[in-house]
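A single chain comes next, written as structure tokens; it is the form predicted on its own.
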């Protein structure tokens, strides 16, 4: 699978917005087809399902729906292809995949709580006074 992904190149410029949009759909299909391979390589069956990874890929693509310049879309598509190639060729480790695509940008649920609930007033004042 990694060899087939290496042979796919993104053309330098899309002629129109419709052509760029078609390339994005092709990239999405290619990324979804590589999900089983990614699940096997990184042993993600105990952490995430294939449909959750598919939803994550779709949300990453949807982040850029406001872009209307075909050259910018081609650049984003190239970056996406590079990211997919790095993942399929095992250039990332398992915790990178889990941190970026399973947990997302929010991080762990325990990290969402406030950190200084049990900190005394003395320490709070100390932290405030010693930061420049």
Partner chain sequence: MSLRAAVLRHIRLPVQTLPAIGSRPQSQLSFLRLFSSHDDHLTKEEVIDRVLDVVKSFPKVEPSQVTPDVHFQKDLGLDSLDNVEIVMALEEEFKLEIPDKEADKIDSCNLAIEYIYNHPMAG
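Residue numbers count along the first chain shown, from 1. For clarity, every value in this text was computed on a predicted model and none was experimentally measured.
There is another form of this protein, the form predicted together with its partner chain, and it is not shown here; the text below is about that form.
- Although its partner chain is omitted here, in the predicted complex all of 28, 54 and 62 have a heavy atom within 4.5 Å of it.
- With its partner chain left out of view, the stretch that reaches within 4.5 Å of it through heavy atoms in the predicted complex is, among 81-89, 66-74, 95-103, 30-38, 30-38.
- Although the partner is absent here, residue 124 is not a contact residue: none of its heavy atoms lies within 4.5 angstroms of its partner chain in the predicted complex.
- Residues from 70-96 do not approach its partner chain in the predicted complex: none has a non-hydrogen atom within 4.5 Å of it.
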